[in-house]
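Below you will find one chain, with nothing else, as structure tokens; this is the form predicted alone, and questions on how it binds or moves follow later.
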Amino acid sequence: MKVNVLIVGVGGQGVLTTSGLLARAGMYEGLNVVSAETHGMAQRGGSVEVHLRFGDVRAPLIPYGHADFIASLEPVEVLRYGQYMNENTVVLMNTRPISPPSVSTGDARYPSMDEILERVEGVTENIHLINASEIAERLGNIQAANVVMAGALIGLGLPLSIESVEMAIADVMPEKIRDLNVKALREGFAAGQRLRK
């Protein structure tokens, strides 16, 4: 087995936390897990990417065109990493945008959702939209949107069990936010299963 997962977003969205939970869950299941992360100006809303590879792999970076799953916690970030997609890549995109400073100052334009979808669908039709931020807000904390995304990835077919991720949450998150994150994970999983049908 070999599964390549690329998780992308901007600083502050919990990209690293998401990958850490999934990596730990994979290890609980006895899988070989390797990863690499890149974060530029992450604390200023810069792009963050994590390559997460499970199974029969040695190198941490996913080759171009070989991502099995891409989870984009911010819509436009999926475009930044299009070179990792192929026609079978499953793309999961959180639909809530975060405008970069260049858009706020009027120096750039944020693309419409239709433009983003058109470009992704030019490579893969396996794109799934979820408002993970809204789900997390409804549960009580928007910061759990990344965990909603982790659950949705599993619901879409990432071969990890929810129970393993719950164990990871119990091991790494402070007690006061564990229950919320388990709820976020389960809601994300249910949403991913619905999207998969």
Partner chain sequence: MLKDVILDEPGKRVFLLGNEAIARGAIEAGIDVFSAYPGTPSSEITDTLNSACKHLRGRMEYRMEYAVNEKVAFEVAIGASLAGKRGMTAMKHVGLNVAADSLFSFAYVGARGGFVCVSADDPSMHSSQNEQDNRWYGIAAKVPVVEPSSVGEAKEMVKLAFDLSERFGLPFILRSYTRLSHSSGIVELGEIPEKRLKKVRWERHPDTDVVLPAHARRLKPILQKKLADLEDFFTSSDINWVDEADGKRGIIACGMSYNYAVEALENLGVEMPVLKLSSMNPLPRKLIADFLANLDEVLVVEEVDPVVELQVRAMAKELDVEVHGKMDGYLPENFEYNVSIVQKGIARLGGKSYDYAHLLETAKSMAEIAPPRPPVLCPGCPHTATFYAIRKVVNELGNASLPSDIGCYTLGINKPLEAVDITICMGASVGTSNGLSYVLDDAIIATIGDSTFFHTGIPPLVNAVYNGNRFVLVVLDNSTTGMTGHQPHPGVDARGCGEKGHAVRIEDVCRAIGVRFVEVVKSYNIRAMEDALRRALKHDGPAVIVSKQPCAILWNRERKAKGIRITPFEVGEGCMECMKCVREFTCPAIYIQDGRPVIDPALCAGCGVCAAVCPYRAIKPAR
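Numbering follows the first chain given and starts at 1. All figures in this text were calculated on a predicted structure; none of them were measured in a lab.
Beyond what is shown, the protein has a form predicted in complex with its partner chain; the following relates to that form.
With a 4.5 Å cutoff on heavy atoms, P159 does not count as touching its partner chain in the model of the complex; it lies far away. Its partner chain is not drawn, but in the model of the complex it has no heavy atom within 4.5 Å of M93. At a distance threshold of 4.5 angstroms between non-hydrogen atoms, K2 is in contact with its partner chain in the model of the complex. Although the partner is absent here, D171 lies within 4.5 Å of its partner chain in the model of the complex, judged by heavy atoms. Taking its partner chain as positioned in the model of the complex, the residues of 1-34 that bring a heavy atom within 4.5 Å of it are, in sequence order, K2, V10, A23, R24, M27, L31, N32, V33, V34.
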